[in-house]
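This document starts with one chain, in the form predicted alone, laid out as structure tokens.
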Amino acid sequence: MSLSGLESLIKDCKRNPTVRLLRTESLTDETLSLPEREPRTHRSDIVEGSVLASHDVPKGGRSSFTHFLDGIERRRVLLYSDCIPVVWGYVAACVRRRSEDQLMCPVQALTCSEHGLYFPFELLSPTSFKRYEGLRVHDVRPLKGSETVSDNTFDVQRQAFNAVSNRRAEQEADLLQSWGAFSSDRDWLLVDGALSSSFRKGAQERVVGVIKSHLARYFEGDDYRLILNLKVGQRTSVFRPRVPNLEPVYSWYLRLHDDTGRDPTFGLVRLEACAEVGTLSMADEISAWLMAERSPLSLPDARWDRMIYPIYDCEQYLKALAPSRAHIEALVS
């Protein structure tokens, strides 16, 4: 990826006394701390049986997942113009294919990346930034419930960071849609993250999402404790989350690794698949595939208990192609 436009912008900013370049801002990505999000509780409907229960997943066998989708993001406050923070964001996503000899290979047609500037056009005109080659300019919209854009620098930065994350999600959704046309009826795609925010025109077959975070929960009381007390190789009944404005999916929890002596969410993931009868009949089989993906471990990643190795491989591949922190910091210095 060419950074010539970014280099030209930074050179011009160094000559402009009204612009403040930041030289000590750390570059963050999805493996580092993100803006705090509040835990959310949603309602759900159980679709497998009448009550939430634990089920033993069949042991043995091999995974039938053939393709894996993940994305990364990096962002930093690059400069202040008229006291308005301008965030530089880099997003990339890919689908990797696992060959019959278990090697992970990129699918060039299903790999994308871009970098750009994020700030509210209402507070800062984008005109002067649009002339730099290869740099996309994104308008940062007001926070939900706000009629106007806040000029509070912390609000602007948080909105811009969220906009970078949203752009990454759009890229991943684009690749998911493209994979649907690209794949054969023997292929299965495992997506890092929720499918409910990626589906655009109804659910897709042969696609499963694995969610590592538990900020959103769908049960309370005894049902919630049942989830946290799952043993290794156990899953919950399938349920349908009730989340407004998102495509319907079927979901269930699965314990990948023993949580003895650890946080009760250790090794706990939530799966999503299309809301169809076929998903109910395959919940055990799909869960067994994911259990088979536990080896090799995704070390040294701190999320190894919930991240399977092919997803870790996607991240490492994307990071190898991304502009390095050292490069960006050298440009600003």
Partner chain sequence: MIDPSEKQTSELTQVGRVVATEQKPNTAYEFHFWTAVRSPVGIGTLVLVETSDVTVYGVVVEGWSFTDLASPLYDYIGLEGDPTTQPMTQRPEIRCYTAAVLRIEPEEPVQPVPVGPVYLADDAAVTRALRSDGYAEKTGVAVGAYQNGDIHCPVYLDAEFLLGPEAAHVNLTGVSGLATKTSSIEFLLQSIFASNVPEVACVCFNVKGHDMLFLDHASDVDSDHALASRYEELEISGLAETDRALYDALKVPCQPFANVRYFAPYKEDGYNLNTLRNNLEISGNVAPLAWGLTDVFKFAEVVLNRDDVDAKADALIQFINQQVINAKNGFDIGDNGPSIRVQTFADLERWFERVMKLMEGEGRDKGQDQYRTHHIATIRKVHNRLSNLVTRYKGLLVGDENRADLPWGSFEDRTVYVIDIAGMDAQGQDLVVTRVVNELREHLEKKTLGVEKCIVVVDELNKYAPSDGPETYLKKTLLEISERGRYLGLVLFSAQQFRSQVHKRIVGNSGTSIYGRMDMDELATPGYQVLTRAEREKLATLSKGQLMVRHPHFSQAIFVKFPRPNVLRGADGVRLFPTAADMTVEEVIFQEFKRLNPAVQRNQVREAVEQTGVESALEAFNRVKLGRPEDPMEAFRNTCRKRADRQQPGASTPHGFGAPAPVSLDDPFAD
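Computed from a predicted model, the values in this text were never measured in an experiment. Numbering follows the first chain given and starts at 1.
Only in words, not in the display: the form predicted together with its partner chain, which the text now covers.
Undergrad: Exactly one stretch in 266-274, 279-287, 58-66, 42-50 has heavy atoms within 4.5 Å of its partner chain in the predicted bound form; which is it?
TA: That would be 58-66.
Undergrad: May I ask you to check whether residue 103 falls inside a 4.5 Å heavy atom distance of its partner chain in the predicted bound form?
TA: Judged by the heavy-atom cut-off of 4.5 Å, residue 103 is in contact with its partner chain in the predicted bound form.
Undergrad: Give a yes or no for residue 98: in the predicted bound form, does one of its heavy atoms lie within 4.5 Å of a heavy atom belonging to its partner chain?
TA: Yes, residue 98 sits close enough to its partner chain in the predicted bound form that at least one of its heavy atoms falls within 4.5 Å.
Undergrad: Considering non-hydrogen atoms and a 4.5 Å limit, does its partner chain approach residue 302 in the predicted bound form?
TA: Because no heavy atom of residue 302 falls inside 4.5 Å of its partner chain in the predicted bound form, the answer is no.
Undergrad: Using 4.5 Å between non-hydrogen atoms, is residue 70 touching its partner chain in the predicted bound form?
TA: It does not: once its partner chain is placed as it appears in the predicted bound form, residue 70 has no heavy atom within 4.5 Å of it.
Undergrad: Select from 285-299 the residues with a non-hydrogen atom within 4.5 Å of its partner chain in the predicted bound form and write them out in sequence order.
TA: Contacts from 285-299: 292, 293, 294, 295, 296, 297, 299.
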